[in-house]
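A single chain comes next, written as structure tokens; it is the form predicted on its own.
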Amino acid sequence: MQFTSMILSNAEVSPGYWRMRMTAPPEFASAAPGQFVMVRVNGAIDPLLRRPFGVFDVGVHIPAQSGAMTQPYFEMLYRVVGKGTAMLSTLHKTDLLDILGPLGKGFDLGADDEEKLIVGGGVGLAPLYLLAKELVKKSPVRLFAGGRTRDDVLCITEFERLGVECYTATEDGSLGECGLVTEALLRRLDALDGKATIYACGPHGMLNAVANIAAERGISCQVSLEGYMACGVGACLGCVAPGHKHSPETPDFRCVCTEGPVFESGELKWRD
């Protein structure tokens, strides 16, 4: 759907990271965990292209005023990294945005009899909250959240309120363990003897490590890629990622915005 959305709130939740809540049509409630939206930052020509953002949450906004009508909403997390996101951070309640979405293929929730292990870092946690919200209804869920510093580990309290057991790790030791979050993931997999499903979203290096861990142990793993998207609907092919059969002789590419952004990790080509 393409629709005009009114901002309900836009707040900085950690240095450089923002959480925005916006109105949505009732049909948006069916958005699957892992889907995304394309946002036109303003009505001017610059910046020309929409920006992609994962759907963090969906729900119904209840106004503070007694008797006021409720309003369906969705939320997104974003980090200020360039002109477009810097402009988003200056917007206020009641400002309007042009939205296209929900788009893409989301996560498969998998079997109910396996523990679900969620791995994320930075804004990679954005599509994982809605996923956790669905998974906890039928399965035990553990979150492994990592970042360079404590400022990069977002919304842990929200995950804990869902009943998710959370593990944190930072490279400088400012929050949780000092080191990589994949070390905590490995310890949990050892305890489970490989009986789990992994879901991951975050920096490519982290996804590469998680995908290799899953492959070595024969564990189902789904990854959400953070592709640079221009259109979001597969028209420009600017967000392709190499598939598992890719080579210079036999090119094999997957379109992140339409075939993903969620893929089984075995579908993609990773570094050894």
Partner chain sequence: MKPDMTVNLAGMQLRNPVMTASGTFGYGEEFAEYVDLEKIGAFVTKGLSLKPRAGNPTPRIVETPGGMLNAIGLQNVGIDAFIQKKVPFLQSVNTPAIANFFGNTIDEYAELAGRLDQIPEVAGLEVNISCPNVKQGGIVFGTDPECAASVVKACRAVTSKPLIVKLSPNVTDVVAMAKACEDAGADCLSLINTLTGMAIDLNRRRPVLANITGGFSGPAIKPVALRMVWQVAKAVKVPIIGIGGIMNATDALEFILAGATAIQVGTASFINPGAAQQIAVEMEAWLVENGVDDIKSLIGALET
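Numbering follows the first chain given and starts at 1. For clarity, every value in this text was computed on a predicted model and none was experimentally measured.
What comes next is about the form predicted together with the partner chain, which is not displayed.
- Checking L77, I198, L131, L103 against the partner chain in the model of the complex, a heavy atom within 4.5 Å turns up for just one residue: L103.
- Proximity to the partner chain in the model of the complex, defined as a heavy atom within 4.5 Å, holds among V58, I213, V240, L225 only for V240.
- At a distance of at most 4.5 angstroms from the partner chain in the model of the complex, none of the three residues I7, V13 and L91 contributes a non-hydrogen atom.
- Shown alone here, R40 lies within 4.5 Å of the partner chain in the model of the complex, counting heavy atoms only.
- In the model of the complex, none of the heavy atoms of A32 sits within 4.5 Å of a heavy atom of the partner chain.
- With a 4.5 Å cutoff on heavy atoms, P203 does not count as touching the partner chain in the model of the complex; it lies far away.
- The partner chain in the model of the complex is approached by A230, whose closest heavy atom lies within 4.5 angstroms of it.
- Just one listed stretch, out of 203 to 211, 41 to 49, 217 to 225, 23 to 31, contacts the partner chain in the model of the complex at the 4.5 Å heavy atom level, and that stretch is 41 to 49.
- Contacts with the partner chain in the model of the complex, taken as any heavy atom within 4.5 Å, map within 1 to 15 to M1, Q2.
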